[in-house]
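First comes one chain, alone, set out as structure tokens in the form predicted on its own.
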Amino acid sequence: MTPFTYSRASDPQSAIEGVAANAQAKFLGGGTNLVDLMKMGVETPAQLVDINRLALTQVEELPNNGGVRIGALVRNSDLAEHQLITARYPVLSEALLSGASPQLRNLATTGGNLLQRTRCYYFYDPAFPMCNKRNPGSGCGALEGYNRIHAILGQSEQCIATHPSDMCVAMAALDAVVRVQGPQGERTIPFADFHRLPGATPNIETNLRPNELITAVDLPAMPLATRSHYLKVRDRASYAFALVSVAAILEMDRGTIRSARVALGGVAHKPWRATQAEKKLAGQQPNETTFRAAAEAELAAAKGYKYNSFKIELAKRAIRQALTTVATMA
């Protein structure tokens, strides 16, 4: 591990100033991803600014609109079990509980989860030279290499890595809003705009500006989210990242789907909002024919590679299964 200095921030402004003063500094929250990457030599910050004592650990109702604000330092385990989340946004609770292990969920934070780095084998191995995400311009080793876990939607010739977070898939379906604070003040970022597709710059993963600190995530009031489900398909039952995952929300009106929100994980460089599937579902009867048509529409643009083409059919089946589960809820 590369040597680094350490400081502890007492408030968001001092944290921001501490990182802004050193171009090689990073915020340290739970550290469940960053510290691993430092051990591997992928991340080499010269300074860590510890933000764990900031007052960003509350889950609270938003006044007047019925939504919920989640502090950036709320631990995943606490968020998954919080009454406001289990009652109003069960899809988010299920997504959190499907991620990592209990020990890691006790450390991992909401803000850190938003910033998880890909688990692409080539990114994680500094000894391997070809990774545009780690070393821009070097190529993408996964294109012609072992690419079983890689993207089938929204990828580019520069990168086919996938985003690993379960929490973020649920938040994409819930139309969350990310609150940030930086040297220029505070602002909000709609969740759909927070993460980026790879394009020509896969090393730029989010639309955060330099030295900005995530302070909270807001969930809008969404009564239909009580009828929701998170389905995760993985190689083993625990502590594995998704090959494909689905966050599904249905609003029903006298036996007809009034509206739907669907997001996919494990298939793209960012949590993938399944807008084509949503369009196919609106106004239809909740049955196998409808769910199959929605899945086919969403995966029509999918592209597989040598080892991951199976994910296209897997994603279709996962969408159908998740929607069936939600449709049959009492």
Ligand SMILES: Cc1cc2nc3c(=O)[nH]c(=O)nc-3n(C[C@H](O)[C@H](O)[C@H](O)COP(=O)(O)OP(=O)(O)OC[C@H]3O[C@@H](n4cnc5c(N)ncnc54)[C@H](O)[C@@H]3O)c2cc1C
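Note that this is a predicted model, so its numbers are computed, not measured. One-based numbering along the sequence shown.
FYI, the form predicted together with the ligand isn't displayed, but the following is about it.
Per the 4.5 Å heavy atom criterion, the ligand in the predicted complex is contacted by stretch 33-41, the sole one of 299-307, 33-41, 257-265, 279-287. The candidate spot formed by 28, 72 and 164 lies fully in contact with the ligand in the predicted complex, as each residue has a heavy atom within 4.5 Å of it. Not displayed here, the ligand is kept clear of residue 196 by more than 4.5 Å at the level of heavy atoms in the predicted complex.
Interface membership of residue 108, defined by any non-hydrogen atom within 4.5 Å of the ligand in the predicted complex, is confirmed. In the predicted complex, the ligand sits within 4.5 Å of a heavy atom belonging to residue 119. Using a 4.5 angstroms threshold between heavy atoms, residue 274 stays clear of the ligand in the predicted complex.
Checked against the ligand in the predicted complex, the residues 233, 80, 225, 213 give one hit for a heavy atom within 4.5 Å, which is 213.
For the options 177, 153, 100, 244, the one in contact with the ligand in the predicted complex, meaning a heavy atom within 4.5 Å, is 100.
Contacts between 278-309 and the ligand, taken as any heavy atom within 4.5 Å in the predicted complex, involve no residue at all.
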